[in-house]
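In structure tokens, one chain follows: the form predicted alone.
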Amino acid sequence: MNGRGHAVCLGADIDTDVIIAGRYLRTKDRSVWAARVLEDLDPSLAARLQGAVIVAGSNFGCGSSREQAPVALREAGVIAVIAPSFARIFFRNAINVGLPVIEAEGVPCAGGEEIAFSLDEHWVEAGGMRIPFRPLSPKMQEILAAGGLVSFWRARE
């Protein structure tokens, strides 16, 4: 699985409450989540996420275990999230909803530049550099290729 999109740069320790604030969890309308994603960090971010690859600092997705956080990012149009580390539950929730997450160190980020990645070949290209990363397990790659865990299991029925 390969992808490419424009970079959106975020810092470290972005928690799930910042990704989608609790006040929006009273609805199951995913378009509301997409429109309000990262609103408390920067109200203009949601409009820039369509076709984006988020490049963030360490510990992305810390905080509560709400699966709405990766869903909100995916629904807003995020193609993948790259960070040196992820909160474990967020990482697994992202895979389960079909949002690629890549653990990579030292990925340069200049907002708006193009970022490319290959989950199959385990690299990220940014700032004229090709940076290798530890591969996802074959099962995680299958789940992502299917579009998420529900689609993965439905295809097996």
Partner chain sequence: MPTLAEEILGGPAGSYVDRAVDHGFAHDGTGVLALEAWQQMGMDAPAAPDRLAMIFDHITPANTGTTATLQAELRVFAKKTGMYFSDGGGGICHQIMSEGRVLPGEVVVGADSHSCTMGAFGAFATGVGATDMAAIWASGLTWFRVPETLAIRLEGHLSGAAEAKDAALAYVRDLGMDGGTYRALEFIGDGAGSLSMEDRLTLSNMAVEAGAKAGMFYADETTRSFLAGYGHDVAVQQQTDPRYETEVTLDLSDVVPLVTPPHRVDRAVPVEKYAGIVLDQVFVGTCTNGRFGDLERFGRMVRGKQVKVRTIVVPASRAVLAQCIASGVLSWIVDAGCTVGPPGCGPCLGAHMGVLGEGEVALSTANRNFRNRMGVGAEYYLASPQTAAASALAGAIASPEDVYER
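Positions refer to the first chain, counted from 1. Just so it is clear, the structure is predicted and the values come from calculations on it, not from any experiment.
If you look for the form predicted together with the partner chain, you will not find it shown, but the lines that follow are about it.
Since exactly one of 113, 120, 40, 105 fits, which has a heavy atom within 4.5 Å of the partner chain in the predicted bound form?
Residue within 4.5 Å of the partner: 40.
Does at least one non-hydrogen atom of residue 65 fall within 4.5 angstroms of the partner chain in the predicted bound form?
Yes, residue 65 sits close enough to the partner chain in the predicted bound form that at least one of its heavy atoms falls within 4.5 Å.
Since only the chain is shown here, I'm wondering whether residue 46 would be in contact with the partner chain in the predicted bound form (any heavy atom pair within 4.5 Å).
Contact check for residue 46: no, nothing within 4.5 Å of the partner chain in the predicted bound form.
Could you confirm whether residue 154 comes within 4.5 Å of the partner chain in the predicted bound form, counting heavy atoms only?
Yes, residue 154 lies within 4.5 Å of the partner chain in the predicted bound form.
Is residue 10 part of the interface with the partner chain in the predicted bound form - any heavy atom within 4.5 Å?
No, residue 10 sits far enough from the partner chain in the predicted bound form that none of its heavy atoms falls within 4.5 Å.
Any idea which of 105-113, 86-94, 120-128, 47-55 reaches within 4.5 Å of the partner chain in the predicted bound form, heavy atoms considered?
Every other range fails; the passing one is 86-94.
For 2-37: residues with a non-hydrogen atom within 4.5 angstroms of the partner chain in the predicted bound form?
Read in sequence order, the residues that approach the partner chain (within 4.5 Å, in the predicted bound form) are 13, 15, 17, 23, 26, 27, 28, 30, 33.
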